[in-house]
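Taken one at a time, structure 1 and structure 2 that follow are two forms of one protein chain, written as structure tokens.
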Structure 1
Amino acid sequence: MKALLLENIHPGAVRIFKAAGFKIDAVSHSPGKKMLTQMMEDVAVLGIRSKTRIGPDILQRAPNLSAIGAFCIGTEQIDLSACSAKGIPVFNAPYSNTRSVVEMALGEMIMLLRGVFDSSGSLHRGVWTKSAAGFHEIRGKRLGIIGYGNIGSQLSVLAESLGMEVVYYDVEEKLSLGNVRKVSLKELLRRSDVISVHVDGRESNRNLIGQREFAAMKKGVLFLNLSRGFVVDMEALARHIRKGRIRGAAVDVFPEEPESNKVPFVSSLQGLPNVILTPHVGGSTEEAQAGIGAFVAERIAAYFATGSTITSVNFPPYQPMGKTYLHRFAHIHENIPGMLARINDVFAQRNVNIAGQHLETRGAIGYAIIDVEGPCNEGILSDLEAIPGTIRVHLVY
């Protein structure tokens, strides 16, 4: 089986795929759509990062494609419904760069509280600025985290260990770690010394933090956004920094980001005091890249070896329980009534005893795992494929 890995995927992933028996074709860039369709004929696994777009046109030209690895966090570049309709699970790496983002946010809080970037800039220009006035320790300050997911909750753990008092606001019920408290957004805005935004990219979060929210913040607050650019009204942020209501900010994500390093970057935050601007690199570390490579490649190798779909973003979740039988079939089908009965009938007709079974559905598709003890012949596969509503059948082993 062939794995086509695009966009310079980490060598750790290549090692895992090779050990799982894949032949590798690795390309350092994202080929255009036309070129990619020509490359897909014999590809079983496609690995991409954020630049390659996958839609029905590519899938139609990929008759052997069985799994896609998004070696990144987001999967917006992939038409997930089209993948489900073709019985192709998509795996990503939702947590592999969490720690990298958290470390950067914490480091920036300390730099902002001490005005390090401004004093460093002054010294580079030959101006000595020694002073303690207005500079603070992080210890004892109240950190308000908006969005207590993977990143927000890990940030809370490390911030507490540095002596910060942490409160958070989330739209969902979450387990509060350590001594952290959930508060209303209003209280968080009004009482935090440092506010850090870590919400996800759902459309309703557009301009979540704008004029009204900045106006509600305590005077002298520090503000960080390392989540999504469109979540914050940048003009409103710039106005509040100019007025001195916000004492410093660290921004890693922008509503409009240059497509490449050759395109100039423009923002209303440029040139403002005590503002750290970074080019969407919160999660960009070599450790994160290695973690992403290993995580996605291992999930895909497990899918081929056992049928496991755990962490897939579009497939029903199936976690093998350890017990193995002689053969395992995976049946991917339209989520319609009577499927399990028809699958079982195929085995009963051929006098093959089902030793273990699992069915899970998600949206438009169902995923059935059937374990059998006895030997089975080719006919079972073709009978399963012939069931109306079948999308794809695998003999896992």
Structure 2
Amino acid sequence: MKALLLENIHPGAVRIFKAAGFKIDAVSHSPGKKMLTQMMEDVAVLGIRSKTRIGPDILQRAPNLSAIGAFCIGTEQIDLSACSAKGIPVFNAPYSNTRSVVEMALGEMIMLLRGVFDSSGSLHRGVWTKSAAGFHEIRGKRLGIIGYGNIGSQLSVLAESLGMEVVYYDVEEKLSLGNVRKVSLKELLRRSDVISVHVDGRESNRNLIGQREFAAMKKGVLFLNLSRGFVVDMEALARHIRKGRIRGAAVDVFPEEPESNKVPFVSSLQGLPNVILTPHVGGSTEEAQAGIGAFVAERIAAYFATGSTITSVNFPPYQPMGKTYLHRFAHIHENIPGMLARINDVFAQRNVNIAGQHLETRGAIGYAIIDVEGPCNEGILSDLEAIPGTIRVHLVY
């Protein structure tokens, strides 16, 4: 089987796929849609990061595609419904770069509170300006976190350990860690000394922070966005920095980002004082990329070896319990009544005893695992595929 890995995925993933028996094609960039469709015909596994977009048009040209790995946190670049309809599980890495993003956010808060980048720029120009006026410790400041997921919650723990008072806002109920409190978005904006955004890429978060939200913030606030570029109205942010309402900002993600390192970057935030701009590198550490590569590749290898889908973002969860039989079949189907009975009937008609069975459903699809102890006629696969409502069938081993 062939695995196509795009966007410079970590070599650790390549080693895992090779050990699992895959032939590897690795590409350092995200090819255009036309080129990608031409590359997909014999691909069983596709590995991407954030720039490659996968929709029905790509899937239509990939008859052998059996799994997709998003070697990043977000999966909004992938049409998950279309993948489910084709019986293709999608795996991502929800935790592997969390620490890297959190460390960068904390470092930027300290740099902004101390005006380090502006001071450094002055010295590079030969200007010595030593003063304590307007510069502060991070200890004792109130941090408002918008989005209390994996990154936001870990940020809260480390920020609190540095002496910050931490509050957060989230649309869902979350377990508050330490002495952290959940507050309304209005209170968070009004009272926070530092605001850091860590929401996911769902469409409802588009322009979450705009003119009205910036106007409601405490004068002199520091603002950070290391989540998604479309979450923040950049023009509104630039205006409030120029007016002095926002004392400094750190932005790692942008509504429009260059396709490659060779394309110029343009933003309304360029040249503004006490503003840190970074090229979407919050999770770009060697440690994070190695962790992401290993995590996603291992989950996909496990799917092919055992049928495990425990960390898939679109498939029903199945985690093997350890015992193995002679054969394991995986049946992916529409979530409609009577499917299990029809599956069982196929084995019964061929006089094959089922030794173990598992069925889970998620949304519109069902996922059945059937274990058998004895030898099976290959015709079982054809019979299973012929069941009305079947999406995909394969022999795991």
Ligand code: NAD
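Throughout, residue numbering runs from 1 along the sequence of structure 1. Model, not experiment: these values are computed from the prediction.
Both panels show the same chain in isolation, but it is structure 1 that comes from the form predicted in complex with the ligand.
Panel note: of Gly55, Leu269, Gly363, Glu287, the residue at the hinge between moving rigid parts between structures 1 and 2 is Glu287; all others are over 12 positions away. Treated as two rigid bodies, the chain shows a rotation of the smaller part against the larger of 15° between structures 1 and 2, based on C-alpha superposition.
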